[in-house]
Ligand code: PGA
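Below you'll find only one chain, the form predicted alone, shown as structure tokens.
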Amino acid sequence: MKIIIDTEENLAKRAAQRYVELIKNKPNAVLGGATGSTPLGLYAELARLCKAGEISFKDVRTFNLDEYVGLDGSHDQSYRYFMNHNLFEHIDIDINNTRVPSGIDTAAAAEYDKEIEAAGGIDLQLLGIGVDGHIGFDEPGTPWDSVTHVVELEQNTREVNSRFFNSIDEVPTHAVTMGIKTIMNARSIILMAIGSSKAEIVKKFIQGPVTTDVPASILQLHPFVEVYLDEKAAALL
């Protein structure tokens, strides 16, 4: 596990260069996407690099980590909407090559891993981390061998995400998420964490035991993980 500590702005630029290197060597790379506030700087930098002609997504395919159950892609809090608005509409990707789990047809979750496998597997998976150690929406206690599935969201997760909604009552109670096994099957992984609220869980998942109580701790066993932290998130290391 490689740990990079820098300013939030520099982290976005440094992480973006990993994408430049990957796509230069493999123009049809398969990328795993993530949502939330943490990757916004990275996505803005990727859009800038694309407009500058330094990277092209014309042959790239993407698979996102998760989606809220009950929200279709037109809902402004759906993760399909998020990806379109914050990345896909600003780069030269074929929208037909982008996949986000369906929050409406939840039965399709069973086929998501097969679609990833058919695409050749994910070359680079982007992750954030919840304050309880969840990755994707894989909450504490999620089995290591889990694949894409429907999960009931913890109250704490809903409370954290309620800042994006008018109230917590609007936050969906369930989501479709890649499983731990799905994530670990990626050839390489970037996890980004920003801010002091993530410091305690960053210490636990990097330096603590590998345990389902902290789902992100399984990343200690992955052969190629880079962790991008600002100084506040890295403060307890």
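One-based numbering along the sequence shown. This structure is a prediction, so every number in the text was calculated from the model and none was measured.
This next part talks about the form predicted together with the ligand, which is not shown.
Of the residues given (93, 109, 129, 87), 129 alone sits with a heavy atom within 4.5 Å of the ligand in the model of the complex. Of the candidates 196, 207, 37, 173, 37 is the one whose heavy atoms come within 4.5 Å of the ligand in the model of the complex; the others do not. Residue 80 falls outside the set of residues with a heavy atom inside 4.5 Å of the ligand in the model of the complex. In the model of the complex, residue 163 approaches the ligand with a heavy atom inside 4.5 Å.
Mapping the unseen interface onto this chain, residue 149 falls outside it, with no heavy atom inside 4.5 Å of the ligand in the model of the complex. Note that among 70-78, 111-119, 130-138, 96-104, the stretch whose heavy atoms approach the ligand to within 4.5 Å in the model of the complex is 130-138. Residues are counted as partner-facing when one of their heavy atoms sits within 4.5 Å of the ligand in the model of the complex; in 3-26 not one qualifies.
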